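Just one chain is shown here, as structure tokens, and it is the form predicted on its own.
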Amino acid sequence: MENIIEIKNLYFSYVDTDNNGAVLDNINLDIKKGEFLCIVGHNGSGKSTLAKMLNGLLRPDKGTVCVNGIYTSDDKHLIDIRKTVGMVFQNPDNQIIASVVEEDVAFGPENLGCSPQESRRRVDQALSAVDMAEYKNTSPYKLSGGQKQRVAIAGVLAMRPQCIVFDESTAMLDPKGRKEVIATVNKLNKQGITVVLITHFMEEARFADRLCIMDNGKILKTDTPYNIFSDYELIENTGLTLPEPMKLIKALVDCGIKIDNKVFDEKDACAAIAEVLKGGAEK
């Protein structure tokens, strides 16, 4: 599969220091077109700094970030990079600037020079994609946190990016809002948009194609969610928490109960436990 973003030997620091002060320390990562990549790590691990590297909001001190063959160090093509890679941030209130939903979503296309007809088409399609079309004439400040974040996503979608980076986009939402946003993220990925999700909620990470663990500015491991979640020592050492269903399975395994099922959610956990109970009953 072709890469949309390629990161090579990336170093970055917010102050002028040697590599010992690097917030990002020798990062190498390829992001494939159409994939769902999740990057997790505790606070201060460097994951949000890495997110801002992906569309040129920050530039490498050393190494390179290349988006569709364009290096983010190339000032002449930053607009092309930001058309390709959109960003959705943590606080939706900081991303919404208009007093009506559809006007806010139209802001991006209008600044790209789209005609009124094209802007209208993009706004309608973007709001429909995030299931917010019925709120197009509503004030954003009458919406819930999850609805506001979906409007922010629509604003990015209207600019037709190939990739969207979600930088802790569910961190300020309640469980219902987080569920709404993650459902939208999954829907967009299934439609072919490359997704990079930055989060510390491990429950969200289980939806990804690949999961990347960061700590102290380094990438420690990149693998499937199941293989990462099964590395209990890595999860513990990096201060992360297993999703609740996998906590339960780990507790059973620690008690000497053998479970072969791949567990990602409550349904998987119940099926795995039922299989164990069935085996016990047969004996």
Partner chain sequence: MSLLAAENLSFSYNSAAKIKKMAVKDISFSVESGEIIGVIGHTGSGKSTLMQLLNGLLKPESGAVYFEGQNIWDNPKEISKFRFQIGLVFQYPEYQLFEETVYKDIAFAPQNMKLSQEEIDNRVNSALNSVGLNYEFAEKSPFDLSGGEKRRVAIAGILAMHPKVLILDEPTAGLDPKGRATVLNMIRDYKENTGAAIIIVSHSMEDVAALCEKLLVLSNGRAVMFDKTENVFSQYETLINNGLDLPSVAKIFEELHKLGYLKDKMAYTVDDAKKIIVDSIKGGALNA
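Residue numbers count along the first chain shown, from 1. Quantities reported herein were computed from a predicted structural model and do not represent experimental measurements.
From this point on, the text means the form predicted in complex with the partner chain, which you will not see here.
Peer 1: Even though the partner chain is not shown here, does Lys247 get within 4.5 Å of it in the model of the complex, heavy atoms only?
Peer 2: Lys247: yes, in contact with the partner chain in the model of the complex.
Peer 1: In the model of the complex, does His200 come within 4.5 Å of the partner chain, counting heavy atoms only?
Peer 2: Yes, His200 sits close enough to the partner chain in the model of the complex that at least one of its heavy atoms falls within 4.5 Å.
Peer 1: Residue-level contact is defined here as any heavy atom of the residue lying within 4.5 Å of the partner chain in the model of the complex; does Lys179 satisfy this criterion?
Peer 2: Output for Lys179 is yes: heavy atoms within 4.5 Å of the partner chain.
Peer 1: Would you classify Gly239 as touching the partner chain in the model of the complex, given a 4.5 Å non-hydrogen atom cut-off?
Peer 2: Yes.
Peer 1: Among 28 to 36, 61 to 69, 217 to 225, 239 to 247, mark the stretch whose residues have heavy atoms within 4.5 Å of the partner chain in the model of the complex.
Peer 2: In short, 239 to 247.
Peer 1: Going through 126 to 148, which residues have a heavy atom within 4.5 Å of the partner chain in the model of the complex? Please give them in sequence order.
Peer 2: Read in sequence order, the residues that approach the partner chain (within 4.5 Å, in the model of the complex) are Tyr141, Lys142, Lys148.
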